[in-house]
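Given next, in structure tokens, is a single chain: the form predicted on its own.
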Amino acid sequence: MKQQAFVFEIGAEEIPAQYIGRMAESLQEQAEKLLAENRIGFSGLRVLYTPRRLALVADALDERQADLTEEIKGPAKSGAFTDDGQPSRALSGFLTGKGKTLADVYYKTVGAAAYVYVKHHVKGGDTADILTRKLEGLVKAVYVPNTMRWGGYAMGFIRPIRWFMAMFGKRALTFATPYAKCGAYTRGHRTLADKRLRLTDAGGYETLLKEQGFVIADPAVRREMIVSAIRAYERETGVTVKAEAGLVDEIVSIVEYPALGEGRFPSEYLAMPDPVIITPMETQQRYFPVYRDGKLTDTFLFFRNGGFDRMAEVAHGNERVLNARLRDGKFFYEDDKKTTLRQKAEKLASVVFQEKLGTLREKSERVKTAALAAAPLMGYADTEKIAEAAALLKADLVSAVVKEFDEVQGVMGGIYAREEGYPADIADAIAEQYLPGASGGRLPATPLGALMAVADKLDSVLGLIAAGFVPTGSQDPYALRRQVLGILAIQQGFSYDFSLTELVRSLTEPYRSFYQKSGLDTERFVKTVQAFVDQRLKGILEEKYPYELLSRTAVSEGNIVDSVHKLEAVKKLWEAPWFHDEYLQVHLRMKKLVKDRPAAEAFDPALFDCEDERRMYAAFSTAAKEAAGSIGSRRYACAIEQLSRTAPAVNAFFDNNLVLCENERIRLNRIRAIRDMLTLFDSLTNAVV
């Protein structure tokens, strides 16, 4: 079938950067669904976007819809004809409605009855005609996070729609809506080429926009332009530019034609802590900080949405705005230095953390309790530093800098602690308390920082769940899922081998009044938290391990380290022939032998009456000692392999002797000895597999 290139563009006022990527994904999903439902074959389907446009582009679409032949079920055969063999009213009505005759009828059995069937053939229509009718509906199907309306139109979109453009090969697809018309025209850059541009062939869409409209339609190309410009600047000047991926992504979404500019700010501001300079630079102005030899300089980079014409004037404007931000930052920083962290911490008693959970001072006390409980499990012993860190942990939340730039909470507390002469590990713990900030984010670098980060997150999770704020569906206003993921990431990153469930169970007292008001008793509270934690744990494991392996493994409750050890062990075991041929086989033989047989008393080795029996238990005793060490260090596969070495001796005893002999004393002693062996086999197997 012949194919043609295709492009459909939605032109709008500037779409917010934080939404446009998700909208592009939605347009892709809805377009694929539309084409599939209408039997239109395609290749190379993708969505391009800039702040002013979303463009659905296909390298090739079938010129015609595929033909359709479908079976249509009619009345039951038993009721299709009258007694004299004439078509019944049911059959006649069915055939008339489908435009068919008796010659078209055939029968198929469905279940216990036969039914009348006919085949209906639908010839495929013209793709261009179908799309012309469907494209407005496609626009309405796109996910829009915040719909607005304009001009009294019934249509809603994230920003006012100003034009549509659709081309199928060299053919313009035209239709009109109350708010915009669709045809062959797109628009260029708002300042560099603010005019209508006529597209003559769908395949030339990107070229037309670039060469005549000064618009780079592909976000991947814009990203490459931005990154390449930064790297070229670094090579030419010998500096290092801090180009966070998130900031680059944002720039990609707010420019149509990126042009690199350079600006400077008064060097006197470099006396301030770097976060006070960098935060307004990155988060408020979207500038890139510049470093030389690891130190922040008075230079910054920015990207203009346009060309390089009069760039000096543009740079000067950016410098003026940043200078104002830094002047404010300097004022806030100097104001903060008038009080100590201790004095700031005293103000926490009047700052509400959450209405049902009290003040930040009360939260700090709960964090200290959680940290003291977790410290032995995380290998930290200095309780005095735990208490001091907990008391200062939230102090910077009342500082002027953090009130202005909330992104630096914790970080500024760490800076103030260093400036006041607190030990480095306490300052680091304050700075690291919110890490990791996101999935895959940087972890705390210090043991005390890791402990306080876990304790702070754990208090938020326990407190808010106790107060009745269990996340449901997509609703998670307090980011409790992220908090749990952060705890598990720290646990895994530092190899802290302990059960979160058991830690929670030891920490219920500070939250008792909260969960009792929510109608929970202690056990239900613990189980609610456990289920919430284990769901996050399972999600992490599912990203790395296949379902089949997870279904075979006894994953530990609230212990990601032990769970990973078990999964790796089962993965290794399932691929090993000896695991099936020796370990599982011997385990099964012992279980079958002693099933439902009493063995309350201990066995007596003196009653072993044959060499095979003595060899079997001697082999087991040796293997059990070795396995105990392996189990203690979480080397489960090694422990199971060590137990499997008893297989030859066990099989020899079973094969060469009547295990359940007539002598009752010897028979019961054997059952007791085998059950003793089986206890270790069972516990290890049940714990891992």
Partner chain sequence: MKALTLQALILRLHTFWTNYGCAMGNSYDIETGAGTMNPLTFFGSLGEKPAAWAYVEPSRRPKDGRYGDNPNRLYQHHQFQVIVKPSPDDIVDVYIKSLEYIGFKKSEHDIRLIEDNWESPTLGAFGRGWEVWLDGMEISQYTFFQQMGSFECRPVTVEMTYGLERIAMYLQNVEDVYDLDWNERVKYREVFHAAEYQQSKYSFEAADNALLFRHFADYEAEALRLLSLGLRVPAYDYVLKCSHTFNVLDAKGAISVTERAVYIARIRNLSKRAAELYLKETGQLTERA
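Source: prediction; values computed, not measured. Positions refer to the first chain, counted from 1.
Keep in mind that the form predicted together with the partner chain is not shown, yet the notes after this line are about it.
Heavy atoms within 4.5 Å of the partner chain in the predicted bound form are found in exactly one of 323 to 331, 542 to 550, 234 to 242, 72 to 80, that being 323 to 331. Contact with the partner chain in the predicted bound form, defined as a heavy atom within 4.5 Å, holds for exactly one of Gln492, Gln535, Thr522, Thr191, namely Thr191. Think of it this way: in the predicted bound form, the partner chain has a heavy atom of just one of Arg589, Arg304, Arg223, Lys385 within 4.5 Å, and the residue is Arg304. When contacts are defined as a non-hydrogen atom within 4.5 Å, none of Met1, Tyr49 and Arg198 contacts the partner chain in the predicted bound form. By the criterion of a heavy atom within 4.5 Å, Arg366 is excluded from the residues contacting the partner chain in the predicted bound form.
Interface residue remark: Arg187 is counted as part of the site for the partner chain in the predicted bound form, having a heavy atom within 4.5 Å. Shown alone here, Pro471 lies farther than 4.5 Å from the partner chain in the predicted bound form, counting heavy atoms only. Not displayed here, the partner chain is approached by Asn146 to within 4.5 Å at the level of heavy atoms in the predicted bound form. Contacts between 266 to 304 and the partner chain, taken as any heavy atom within 4.5 Å in the predicted bound form, involve Gln284, Gln285, Arg286, Tyr287, Phe303, Arg304.
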